[in-house]
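This document contains two forms of one protein chain, each encoded as structure tokens and listed individually as structure 1 and structure 2.
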Structure 1
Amino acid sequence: MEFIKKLQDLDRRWIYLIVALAIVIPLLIPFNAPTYTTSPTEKLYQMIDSYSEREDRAILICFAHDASTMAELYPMEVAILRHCFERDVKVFTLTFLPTAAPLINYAIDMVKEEYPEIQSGTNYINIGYKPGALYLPIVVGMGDNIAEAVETDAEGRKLESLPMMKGLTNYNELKLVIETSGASFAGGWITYARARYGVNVAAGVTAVMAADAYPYLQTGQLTGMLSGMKGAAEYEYLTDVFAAYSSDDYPNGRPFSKQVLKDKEEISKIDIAKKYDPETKTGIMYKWKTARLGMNAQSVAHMMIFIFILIGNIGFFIDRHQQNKEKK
């Protein structure tokens, strides 16, 4: 009883220490936890994949967050960009937040390192930062003409002069918008771009925001959704299993298949615990598995919180039982 009472009054600094260890140790010692993909992630992956090698299709990633939510959202952006570069899908990147502009550059530069053939203006266009006051003019204006709505990219080049714009006019070709955010769920894109022009909208959100987006997901207003670190881990995983897959039958990635995801032998080939060897080019590069490694830490932290709740409640009930006894 004395022990339970002591446990109830445990100094919060001990809890901080346990949580810190629960997060740091799994990051230092990586292990292979299974990744289960969910339907919203699969739908988004399949839609992007269907635009592979098409001149008349493109996607837009709107970075709507700053560095504070990078841990959850940045791996999503990297995974989506990797998928696009791997499968030759044209990408626009854009932000209405000045603090997100450098994040776009980091993400593109990080992914581009492994794809030397990818060229700015040909395979992707970074529109960069546009002031928030231009949100509505750009979101709605792109429904008529993308090159007129945003005019220049981050490097100051006229959009209409860039080779990637050949065959891309408006939302008839720019078929998918993905907003990554820690504070919204692509509501503006749904209200103005989807309702008026029928563009597909998807969201990449922090885990705490995900519950708010479910009504839009159920109605189909959101085509897909990546929910927190788990969503990012799922997308990384799908990219490894399909887009980055290489064999004699599929030299440039293979199509999405539920059967493959259920094949335990196939899945066991994805090993995130193994270090990448640059000489033999075996293993998965660290930057392609950050969310999955993060999920290891998150899983242990969730279990710790679960145990904390359990211990806290056991102590609470024993304490209450004792108080009732004393009253009698």
Structure 2
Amino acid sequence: MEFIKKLQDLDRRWIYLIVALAIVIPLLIPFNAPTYTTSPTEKLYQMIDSYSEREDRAILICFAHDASTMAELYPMEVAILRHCFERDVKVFTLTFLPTAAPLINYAIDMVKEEYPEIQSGTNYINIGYKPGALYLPIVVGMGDNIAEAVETDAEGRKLESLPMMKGLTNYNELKLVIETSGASFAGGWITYARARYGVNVAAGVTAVMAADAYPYLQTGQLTGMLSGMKGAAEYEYLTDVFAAYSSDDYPNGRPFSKQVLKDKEEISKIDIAKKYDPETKTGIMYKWKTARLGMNAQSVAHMMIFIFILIGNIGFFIDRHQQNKEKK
């Protein structure tokens, strides 16, 4: 009883300190927490992977957020770009927010550091920022002709003159649109691009937005979805297990398999806690595992908060019981 009373009277600053340490320590001392993938993430991964090395297939990533939601959305964008560059999947990037344009460049430049063979205009096209007033003309116009709906890329080059456009005309080839946003879940793409042209639409959303998007997953209007840092961690994980995996049997990565995901011996080889060694190229580079390390810290912090809530409730009811006894 005395111990519980002391806990109830504990200065809240100690609680803040403990929670802060629960976040910081896992970031400084990483560990291999298990990553369980969900169906919306797996479906998105498999669809993108099916476009590997195809001249007549491409995806579009629409950056619909600014720096305020980077912690959750940026890792998933990096993971998707890495997957595409690993598998030779053609990528368009686009934004209708001026504050998101630097984030596109930042993400592409970060991933390209490890893929020197990837070339702008050949492997990817950054359309860059387009004013919001052009949203509807571009979304609908791409259904007829991509190069006419968006005439130039971020560097001012004509799309029709770029090598990547060979074999790409409209949504018949641009088969998937992914919008990453902290405020919506690709509603405009669903309403105009999917309803009229049948293009596949997926979303990358912050965790608080996921509940609003699930009905669209259930109806099939969303092909896949990444939900917050958890979704980003799952996609990082799938990329390491499959796209970034190489061996004599699978020099370009191996195909997706549920059985591989269940194989603990194979998965144990993916050590995110190990520091990356550039000479031996062992371990995983920090930028490829930011979401998983973030999930480690988030999991520990949530556990600490749960313990504090549990202790607080036990203390409350014991205190209430003691008061009732004293009244009697």
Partner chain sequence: MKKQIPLLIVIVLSFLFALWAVIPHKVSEDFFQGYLVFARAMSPFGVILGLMSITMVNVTKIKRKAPTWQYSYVTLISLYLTAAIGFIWGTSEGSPYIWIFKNIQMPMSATMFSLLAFYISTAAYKAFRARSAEATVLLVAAIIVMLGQVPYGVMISPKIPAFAQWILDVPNLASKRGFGLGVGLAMTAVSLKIMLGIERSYLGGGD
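Definition used throughout: the rigid core is the maximal C-alpha set that superposes within 1.5 Å between two forms. Numbers given to residues start at 1 and step along the sequence of structure 1. For clarity, every value in this text was computed on a predicted model and none was experimentally measured.
Decide which single structure shows the form predicted together with its partner chain, answering 1 or 2. Of the two forms shown, it is structure 1 that corresponds to the form predicted together with its partner chain, while structure 2 does not.
Rounded to whole degrees, state how far the smaller rigid part rotates against the larger between structures 1 and 2. From C-alpha superpositions, the smaller part turns by 14 degrees.
If you line up the core, how far does the Cα of residue 320 move between structures 1 and 2, in Å? With the rigid core fitted, the alpha carbon of residue 320 is displaced 5.3 Å between structures 1 and 2.
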